[in-house]
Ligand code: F6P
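Below sits a lone chain in structure tokens, taken as the form predicted on its own.
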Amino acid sequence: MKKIGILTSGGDAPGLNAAIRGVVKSAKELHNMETVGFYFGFGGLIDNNYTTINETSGLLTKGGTILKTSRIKPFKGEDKDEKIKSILHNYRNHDLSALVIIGGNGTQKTAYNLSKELGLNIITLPKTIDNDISGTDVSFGFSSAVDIATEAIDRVHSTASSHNRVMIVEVMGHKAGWIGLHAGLSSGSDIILLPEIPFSFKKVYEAINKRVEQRKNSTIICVAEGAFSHDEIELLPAELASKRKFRSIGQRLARKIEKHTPYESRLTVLGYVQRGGSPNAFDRNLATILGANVANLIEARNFGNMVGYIDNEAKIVPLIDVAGYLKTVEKDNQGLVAARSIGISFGD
């Protein structure tokens, strides 16, 4: 009987358990493979903290990850040689035919290094609510996060209109604004601020005033946590880090709006709410589709790849084309173009 390993690394996201279920069930059903799960990401592989996964009932709808997760990076730190040595030993000691790694950008890079430098048989799956992994149209976890953010902004609308306020909702997205764009567009936000588009506070004030002139008594702003202004581009990295240390972009924005306009402003930071809970139907199906493709790749010894989702199909993507690349919102993105065409301001 072939034996495969599996681990989840990086931040949690809706759909992780559904992906584990897809891998385990298809491996057993198609090729009678046994699956060993390592706890806490690469930490479990280093410490040989594992379990044999036989039961998958209830995993499809369950949030989080039954294998736990961590941000341990084997190729970093003074003890990296020892960590790599332990990984190699445990991989061989378990007599694994392959290791399935589920994670985001950093995890994909580590997976590539394990494949290239240690020669391990690696297959990966793309997981992140940020949707910023190259080589796939969408990552599981993203759709659920957008649903949660959209519902939250929908609920803020009534408070905004009742009090004639500017309501700011800060969503996740440190380097890529996919959640901000999709949640802002689907919730009818009036202003959307993204990391990819440096904004002007003055333009934000103008957009708010324009709505008042149109007799619209409230404004909804959806801002990604990594958004920044033109003024901040000119700051030295140390100054910018110091500025952001004490106030998030949402806090800075709310403070400035109240200082430079006559309107009250209130901030809601969604934070980890976007990553918790049960995955929606799309993410359940996507995680299952991608996970179910892994067993056949292992049987065919087609390693060093990620199973991505391109043009509504599971596709094999070489890890060399994934690792180290960040997928961001481009200026010709259809959602961005549509938002501009209906009058949504991006503060630029």
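In this text the structure is predicted, and so the values were computed from the model without any measurement. From 1 onward, residues are counted along the sequence shown.
This protein has a second form, the form predicted together with 6-O-phosphono-beta-D-fructofuranose (F6P), left out of what is shown; the following refers to that one.
Among residues of the shown chain, residue 211 is not one whose heavy atoms approach 6-O-phosphono-beta-D-fructofuranose (F6P) to within 4.5 Å in the predicted complex. In the predicted complex, 6-O-phosphono-beta-D-fructofuranose (F6P) sits beyond 4.5 Å of every heavy atom of residue 163. Mapping the unseen interface onto this chain, residue 225 counts among the residues with a heavy atom inside 4.5 Å of 6-O-phosphono-beta-D-fructofuranose (F6P) in the predicted complex. Although the partner is absent here, residue 174 is a contact residue: one of its heavy atoms lies within 4.5 angstroms of 6-O-phosphono-beta-D-fructofuranose (F6P) in the predicted complex. Residue-level contacts in the predicted complex: of 203, 71, 157, 230, one residue has a heavy atom within 4.5 Å of 6-O-phosphono-beta-D-fructofuranose (F6P), and it is 71. For the options 252, 83, 182, 275, the residue carrying a heavy atom within 4.5 angstroms of 6-O-phosphono-beta-D-fructofuranose (F6P) in the predicted complex is 275. With the partner left out here, 6-O-phosphono-beta-D-fructofuranose (F6P) still marks one of 127-135, 108-116, 194-202, 212-220 in the predicted complex; by a 4.5 Å heavy atom cut-off that stretch is 127-135.
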